[in-house]
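Just the one chain here, the form predicted on its own, laid out as C-alpha cells.
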C-alpha cells in the first residue's frame, strides 16, 4: 500500500494546518451557500452554486440529475471504484426566514449554518484542500449535494441517485455540520408520522362528548402514551409538534400532531404503528371527527458493526486529532447507504449551538479539525484500511 495507516495518523496535524490556511475559502463558501434559502425541494440555487464551485476546481462530470442532486467527480489515479461524499442541501427553514449569516473571529451564526450549510461548504472546499496537500486518491471521489432530504422529502434525492447509479461505490461518508466527534455507523428503525384532525362544519356541538380538534388530538396523545414501550429492543415515541386553532375563540376545527417512532427493531416500529392506527380509528368513530394518519418517512435499522475496520479506523483518526469519538445511531442519509449494502458512516465537522433555530451557531476553530478528519478518512478508505475483512 502507498501509505501505512500510521503515516496517515502522523500526517493529520499537517492536514489540519492546511485546512486552517484554507479558512477564507471555507468561510466564503459557507456564507454564500448559507445565504441561499433551500427548503426541501427548492435547493436549485444551492445546487447551481455548488456546481459552479466544482467547475472552478476542475472536477469532471459536474451535473444535476432529475431530483436536483448536484454532483461532480474528482478522478482517481486508478478509478476502478468510487468513494461518495454526500451532504444534504436542504435546511428546515422557509424562504421567508432571514438567511443572513454573521461571521466574527470565532463563530458563524444564522439560519441553517450547522444543518447543513457547513456540510455543503465542505464539499465545495475539499477539492482545493486536497490540491493544496498534493493528495491524489486511487479511487474516484464523488462529491454530492443531495436534494430533498429532510422531513417528508424522505431522502428522495439520495435514494434516486443510488437506485440509478452504475458506478461501484466502495464506501460512503455523510457530512453534517455538527457535531465534531459524532460517528454514526448505523441507522435505527424509524417511522415519521402525522395525524390530522378535522371537525366538519356540520358537527353537532351539542352531542355528548363534543370537543374541538385540539382536545381530540390531546386524547390521541394520551392514548399513545398508554402504549407499552419495551426496554429491549430500545424503543421510544418522540413527539415533535402539535398545531391547532386560531386564537382564543372559536373552538378549533383543525389540529395536527407530528411524531416519530424509533426502535432498534423494524418489527417493533410496525407494531406500534398498528396500535396508533387503531387509536386513530377508535377516536375517529367516538368523536365523529375526521382523523387521518399517514406515514411521511421511514428508515430500516442496520449498519456496520462497531468493530468494522471503517468504524475502528475512523475512531483512531478522531483520537489522534484529540477528539472524543461518540458512536450514535442516525436517521439521516446513512440509512440509504445501508439499504444498498454500502459501508458508510456519518460524521460532523464542527461544534455549535441552537440547532434548527434562527440563531444557529457554528464554531470556526473546530472546522479545521473536521476537515483534517475527512482527509484522513478518505486516505484510509482509499488505501484499503476500511475494507471489511472476511
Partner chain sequence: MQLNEWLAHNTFHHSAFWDLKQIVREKEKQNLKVSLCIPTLNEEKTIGKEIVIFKSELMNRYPMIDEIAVIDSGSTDRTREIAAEYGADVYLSEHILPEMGARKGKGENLWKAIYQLEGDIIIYIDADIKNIRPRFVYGLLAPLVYRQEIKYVKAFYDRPLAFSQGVRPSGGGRVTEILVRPLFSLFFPDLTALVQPLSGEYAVRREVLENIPFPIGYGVETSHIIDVYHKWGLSALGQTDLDQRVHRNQATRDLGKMAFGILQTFLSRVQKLGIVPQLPELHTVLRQFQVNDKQFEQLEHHILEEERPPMITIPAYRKKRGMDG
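Residue numbers count along the first chain shown, from 1. Because the structure is predicted, anything quoted here is derived from the model rather than measured.
Beyond the structure shown, there is the form predicted together with its partner chain, which is absent from this document and is the topic of what follows.
**Q** Which of these residues, 62, 351, 331, 29, gets a heavy atom within 4.5 Å of its partner chain in the predicted bound form?
**A** Contact residue from the list: 29.
**Q** Between the options 226, 163, 104, 80, which residue brings a heavy atom to within 4.5 Å of its partner chain in the predicted bound form?
**A** It is 104 that has a heavy atom within 4.5 Å of the partner.
**Q** Which of 351-359, 53-61, 336-344, 66-74 has heavy atoms within 4.5 Å of its partner chain in the predicted bound form?
**A** Careful reading of the contacts points to 53-61.
**Q** Would you check, heavy atoms only and a 4.5 Å threshold, whether residue 24 touches its partner chain in the predicted bound form?
**A** Within the cut-off, so yes.
**Q** Would residue 321 count as a contact of its partner chain in the predicted bound form, using a 4.5 angstroms cut-off between non-hydrogen atoms?
**A** Flag for residue 321 set to no.
**Q** Using 4.5 Å between non-hydrogen atoms, is residue 267 touching its partner chain in the predicted bound form?
**A** No - in the predicted bound form, heavy atoms of residue 267 and its partner chain never come within 4.5 Å of each other.
**Q** Residue 44 near its partner chain in the predicted bound form, any heavy atom under 4.5 Å?
**A** Answer no; every heavy atom of residue 44 is more than 4.5 Å from its partner chain in the predicted bound form.
**Q** Who in 340-368 is close to its partner chain in the predicted bound form, meaning a heavy atom within 4.5 Å?
**A** The stretch touches the partner through 364 alone.
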